[in-house]
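The form predicted alone is given below as one chain in structure tokens.
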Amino acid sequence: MASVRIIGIGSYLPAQRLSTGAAVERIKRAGGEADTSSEWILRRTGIAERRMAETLPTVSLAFRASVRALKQAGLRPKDLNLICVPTITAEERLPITAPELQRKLGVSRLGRPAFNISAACSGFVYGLAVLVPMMRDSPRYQRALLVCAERLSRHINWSDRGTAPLFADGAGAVALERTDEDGVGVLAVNIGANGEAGTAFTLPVQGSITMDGARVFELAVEAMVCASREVLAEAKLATTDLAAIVPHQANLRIMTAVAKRLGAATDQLITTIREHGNTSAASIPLALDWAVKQGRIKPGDLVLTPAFGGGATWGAALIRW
């Protein structure tokens, strides 16, 4: 049976850094709680700074991450058979972000499939859940690009300290390749959703992010742990077999709670939320790219990527790097 492996990864973070101290000033100027402090935000979220895309649209973030992933993979855009872009922050309903990315990469005339996925912070895992079976089951899809890009800073209500300090911008991309080699690449993916929990996190077409933080915490920990256990069981593996757990970078307390419930060691958990903030779908590939560059993930390592997002959606993927 064919497998699908990651052969390249790339990420892009906007140049503008917004420290938590600067975020506190914005919150206070917008009429938020006067007792908000950098220490309060850092303690509750684990975030010290985040990146903001002042003028770059979501598709431009996606393009920059894509170029880096393709370069690492040794691929040209015309080598791609599929493009998938998980995002909830496209500037327009039409044109769709993925075909726009295809156009920016210069391969529109090839007519190969390009589509978006809307699964919020679970977008990376949902993308794998869609692309891996497509590629595994059909030789026509030899190589694909999965690009998660978000520009959440456009949807922040700076008077709401429960959400304003969290969200940021960025993009992460992975190049995928079909292979006849067994037991490599994406070993298992599990996804789920619960529409009854959708109101815990909302983003209107015209409006700002709202979130019931306590409810999201409870839902996220439970869902991420369950999805993780299911993919580990499917692959007949245990937490102790993992080299790294790279969760959606939602909140440091959520991530540490998930790791604790799974019985993970401290050095297994990869976190980049302190510098990146919460970049929704982009957070897992951004963290994966960082971990690879830091030598925290090496070829042959077993990596778990649990996620939870608005909708509510969740999932986990188990990857042999």
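Sequential numbering from 1, following the sequence displayed. No experiment lies behind these values; they were computed from the predicted model shown.
In what follows, reference is made to the form predicted in complex with a small molecule, a form of this protein that is not presented.
- At least one heavy atom of His248 is located within 4.5 Å of the small molecule in the predicted complex.
- Using a 4.5 angstroms limit between non-hydrogen atoms, Arg44 touches the small molecule in the predicted complex.
- For the chain shown alone, Val85 is not a contact residue for the small molecule in the predicted complex, no non-hydrogen atom being within 4.5 angstroms.
- Heavy atoms of Ala53 never reach within 4.5 Å of the small molecule in the predicted complex, leaving it off the interface.
- The partner is absent here; in the predicted complex, the one residue of Pro99, Gly192, Pro77, Gly162 having a heavy atom within 4.5 Å of the small molecule is Gly162.
- Proximity to the small molecule in the predicted complex, taken as a non-hydrogen atom within 4.5 angstroms, holds for one residue of Met134, Val216, Ala129, Ala243, which is Val216.
- Listed stretches are 162-170, 102-110, 182-190, 140-148; the contact stretch with the small molecule in the predicted complex is 162-170, by a heavy atom cutoff of 4.5 Å.
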